[in-house]
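Single chain ahead, by itself, as structure tokens, in the form predicted alone.
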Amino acid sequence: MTSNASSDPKNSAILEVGCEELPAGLLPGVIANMRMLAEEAMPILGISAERVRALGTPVRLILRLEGLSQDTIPRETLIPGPPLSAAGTWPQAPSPAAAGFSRTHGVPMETLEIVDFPKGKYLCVRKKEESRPVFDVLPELFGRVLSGLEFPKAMRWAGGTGPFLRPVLWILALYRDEVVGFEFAGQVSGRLTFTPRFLGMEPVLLRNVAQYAQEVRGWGVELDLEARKERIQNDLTLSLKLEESSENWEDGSTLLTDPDLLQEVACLVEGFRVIPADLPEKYRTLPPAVIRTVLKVHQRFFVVDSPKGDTVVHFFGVSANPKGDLAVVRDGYVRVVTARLEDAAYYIARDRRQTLSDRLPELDGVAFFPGVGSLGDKVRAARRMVLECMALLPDAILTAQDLTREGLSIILERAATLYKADLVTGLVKEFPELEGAIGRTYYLWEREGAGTDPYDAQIAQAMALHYQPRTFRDPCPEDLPSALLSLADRAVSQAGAFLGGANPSGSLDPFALRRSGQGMLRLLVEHRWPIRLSSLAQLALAAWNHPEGARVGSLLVDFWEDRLLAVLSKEGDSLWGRAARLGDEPPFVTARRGEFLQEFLNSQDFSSFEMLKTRVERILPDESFGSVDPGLFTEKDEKSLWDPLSVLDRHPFPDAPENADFYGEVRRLKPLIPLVESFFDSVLVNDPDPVVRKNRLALLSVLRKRLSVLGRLDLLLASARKERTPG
């Protein structure tokens, strides 16, 4: 059901707050917050409704309550007072605190109740609230919702009115055909709403709730954000088909739909009209990345690729004025695009007078962090580090991508030398979104006349993709050169930030190091590289050759450990990461253990292994016991346990990080469970003889070491018990 469809208006209420233009990026969160606040406040006020809806456009926020009960639900409230220990001899000789509590609530002393709380017994008042007409309670509900909205920044206007996200222009509040009267942000609620701007912002006086839906339908406005996005998407698709069927555009053109752009555009319009436009032929030879950036990022247009996919010929604009003249609006779109592309063409022509290599000295004039070095220093540090990281990878990882160590070294050396040179080009200074992408383009242009080089495409690819992943949702680069360069760039950047004292603190993270750190950890996890965080920190700090490197090493590792927990968290809970993380092992091994534990927790074997592991750990103190001497065994069950355990002890798990098969380890350890149980039943671990005792503890320490590879089972057990406990 769309927002324009009216359910039974009987016992329905509507709240509409008209504002000046709301920020597109904040609108979805404000809408969701309105609904949450309403749903939280309604039970407190005794209001029930069949449906609660929060809607919104750039200039209005709407809350609809459908199927309201005519009266509130009678409620009983328990109000705690002083503890019984501080109530004197109640009720005969109450303390001043108890007497004051009784007097404040206007109830006789004898009617107070004693109620057990977790912290003890307290005197309480039990108050009953009778049912009231819902109309009498709606003003409080609407006021709570609007007052409870939170914004990153709020405004005040007209002599200090507010605060609110934007100045409030009107408030419409109706229950059936009656005005819900209240005041907020300098406006008194009433029956008045206003048409959209493309209809002149004309006032409309409403008789009842049902008329509101009729008016909105007549305006052609979709109030529901998700439905509005769907309508825009459908209109874009239909417009493309119409342009192709009318032979204005060639068949096989592709509409590039970006979910983030679609959301932003839907937050910028009430009514809309999709307008097709052609890119001026003069600019179609510009790099597609440049054209797409101008259209999408700078103008919020939807790009249409040619059937060949290598050029951009057409685009769509979504006009917020569906009544406007199509030709006039289209011409306006083409003019603004032409102006930006003319700028781009100028900078490209000027940039090509110099090669990327010629620009490298300019990087030394760009500060990276005060006291740490320049951007040129960072590039040289990353170049040193990326080759060190390559040396840590086994040959199998290179072979899987048909790379030799010599070839990969050549690719990384060239890419790491030039990968930041485009930052000092005129085009990137004017269009920062093109960093990386335009470096690839410029490099390939330079190599066109230099003959065939089998590595050019991979070098250019690494230069372009080393920024990925930019966000948590972005994919990591799949090819090895790009991924390694991204890893080295992030590690060196974060090491430099820590050396410069810019490490995150609390909620402050001005250089987005947390996001960058998570991207780095994702590279290590998803590519399954056997690189430890301590080794990575050592390489990153050594690449800077800074005197403070030793001091910040542990801080950097701790920061990355925290980011790894964020990467491995499940639904925001870091428990899985904490249960899976065992010391300074390669992060992908921890991730693999985490995946194993999520299934193992629900298996039949989990409780047996958890009990066994917990029992062994409780007995053993935190100390070393040396090696096991089978000649000191005095009980049959000692030897029965040691024989298979000693075989496992001769083969460390895993013998290499890529061989961490946790299910295989469970199969190897499972036959030991009955042997351990027999051992505990018949063997006195803490034998009076210190030599025998130490030998038995040494045996159990071997078992503990082997069991520990499965992770912190005790943490998962505590979590599982908590989830299964009612309340």
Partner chain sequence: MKTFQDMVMTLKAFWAKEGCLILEPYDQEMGAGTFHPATFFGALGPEETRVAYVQPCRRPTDGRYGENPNRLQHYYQFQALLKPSPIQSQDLYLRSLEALGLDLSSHDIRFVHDDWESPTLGAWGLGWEVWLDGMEVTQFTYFQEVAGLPLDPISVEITYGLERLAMYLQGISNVFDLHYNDRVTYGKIFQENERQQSICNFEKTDRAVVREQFEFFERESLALLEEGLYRPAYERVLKMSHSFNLLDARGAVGAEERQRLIGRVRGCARKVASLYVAPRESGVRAGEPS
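Between two forms, the rigid core is defined as the largest C-alpha subset superposing within 1.5 Å. Residue numbers count along the first chain shown, from 1. The model shown is predicted, which means the values in this text are computed figures rather than measured ones.
Below: the form predicted in complex with its partner chain, not depicted.
Participant: Within a 4.5 Å heavy atom cut-off, is K119 in contact with its partner chain in the predicted complex?
Facilitator: K119 lies outside the contact set for its partner chain.
Participant: With the cut-off set at 4.5 Å between non-hydrogen atoms, does W445 touch its partner chain in the predicted complex?
Facilitator: No, W445 sits far enough from its partner chain in the predicted complex that none of its heavy atoms falls within 4.5 Å.
Participant: Using heavy atoms and a 4.5 Å limit, would one call R300 a contact residue for its partner chain in the predicted complex?
Facilitator: The answer is yes: R300 has a heavy atom within 4.5 Å of its partner chain.
Participant: At the 4.5 Å heavy atom threshold, is D325 in contact with its partner chain in the predicted complex?
Facilitator: The answer is yes: D325 has a heavy atom within 4.5 Å of its partner chain.
Participant: Its partner chain in the predicted complex: within 4.5 Å of a heavy atom of each of G159, F368 and G500?
Facilitator: Every residue of the spot touches its partner chain in the predicted complex.
Participant: Among 586 to 594, 316 to 324, 612 to 620, 174 to 182, which stretch has residues whose heavy atoms lie within 4.5 Å of its partner chain in the predicted complex?
Facilitator: The contacting stretch is 316 to 324.
Participant: With its partner chain left out of view, which of Y333, W90, W642, F600 would have a heavy atom within 4.5 Å of it in the predicted complex?
Facilitator: After the contact test, the surviving option is Y333.
Participant: Please pick, from A154, I114, L242, L555, the one residue with any non-hydrogen atom lying within 4.5 angstroms of its partner chain in the predicted complex.
Facilitator: The residue in contact is A154.
Participant: Do any residues of 177 to 200 have a non-hydrogen atom within 4.5 angstroms of its partner chain in the predicted complex? If so, which ones, in sequence order?
Facilitator: Contacting residues: Q187, R197.
Participant: Using the core for the fit, does the CA position of V666 change by 2 Å or more between this form and the one not shown?
Facilitator: It does not, since the V666 C-alpha is displaced less than 2 Å between this form and the one not shown after the core fit.
Participant: Does P287 count as moved between this form and the one not shown, where moved means a C-alpha shift of 2 angstroms or more after fitting the rigid core?
Facilitator: No; that C-alpha moves by less than 2 Å between this form and the one not shown.
Participant: Q187: after superposing the rigid core, is there a C-alpha shift of 2 Å or more between this form and the one not shown?
Facilitator: Yes, its C-alpha moves 2 Å or more.
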